[in-house]
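Let's start with one chain on its own, the form predicted on its own, as structure tokens.
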């Protein structure tokens, strides 16, 4: 006689981009081992309580400005019980949670990026306050099918977020410029989109490398930018505009915002 595996109840507070993204990931990749419920502003107090009281994992996917209210109104009552709290909220460290939930709250911070949607995400995971290693493991089991999780000290989470968490937008902003330039040169919009998408995917695979050969990013650039060629001229133009500094300044701006 076989015993069916117990279904783990997960409650996601917030149904914005990150909340919907991870809800979808959990539902589609965990083979029905987890059941997902959302809490939104439309839920009554009774509905919220019913969902939370049975939750094994409570995921916080709200904006930083809304976090205090959510902790006071939604989570505080359940933080000392069996639920593991998983926060996706950027720029709020564990001290803020400790004030609301107490030092014993089982808090795990995860800083993801949106490429999780295509199961190529990259995220940091940090054990804080009263969380135990098994709490971290439970979150890894939920998310690891769609994102690579890197254990990180909390002191480095904001730096990670400014680089990796924001990275999809940096790449997409550059992709938007390439797409627009292609259209300006007479390439149709659909073809321009395909060219940009295929190039981003292809370059990613090249950077990743094959099992028997790995090239540095600098090597890959040099293979395209042959001496005296058009690509070399384009790279020189980027250098003259201090392209590197522009990108690094953007990352610094993101980091300073997270720390403010």
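All values reported here derive from a predicted model rather than from experimental measurement. Residue numbers count along the first chain shown, from 1.
Here the subject shifts to the form predicted together with a small molecule, a form of this protein not shown in this document.
Point to revise | Any non-hydrogen atom of residue 75 within 4.5 angstroms of the small molecule in the predicted complex | key: No.
Review point. Would residue 15 show up as a contact with the small molecule in the predicted complex if we use heavy atoms at 4.5 Å?
Key: Residue 15: yes, in contact with the small molecule in the predicted complex.
Point to revise | Residue contact check: residue 104 to the small molecule in the predicted complex, 4.5 Å heavy atom | key: So residue 104 does not count as contacting the small molecule.
Check your understanding: Do residue 129 and the small molecule come within 4.5 Å of each other in the predicted complex, heavy atoms counted?
Key -> Judged by the heavy-atom cut-off of 4.5 Å, residue 129 is well away from the small molecule in the predicted complex.
Review point. Using a 4.5 Å heavy atom cut-off, which stretch among 210 to 218, 231 to 239, 56 to 64, 191 to 199 contacts the small molecule in the predicted complex?
Key: In short, 56 to 64.
Check your understanding: Among the candidate residues 90, 125, 146, 83, which is the single one with a non-hydrogen atom no more than 4.5 Å from the small molecule in the predicted complex?
Key -> Going through each option in turn, the one that passes is 90.
Check your understanding: Though the small molecule is not shown, can you say which of 222, 49, 29, 40 has a heavy atom within 4.5 Å of it in the predicted complex?
Key -> By the 4.5 Å heavy-atom cutoff, the listed residue in contact is 40.
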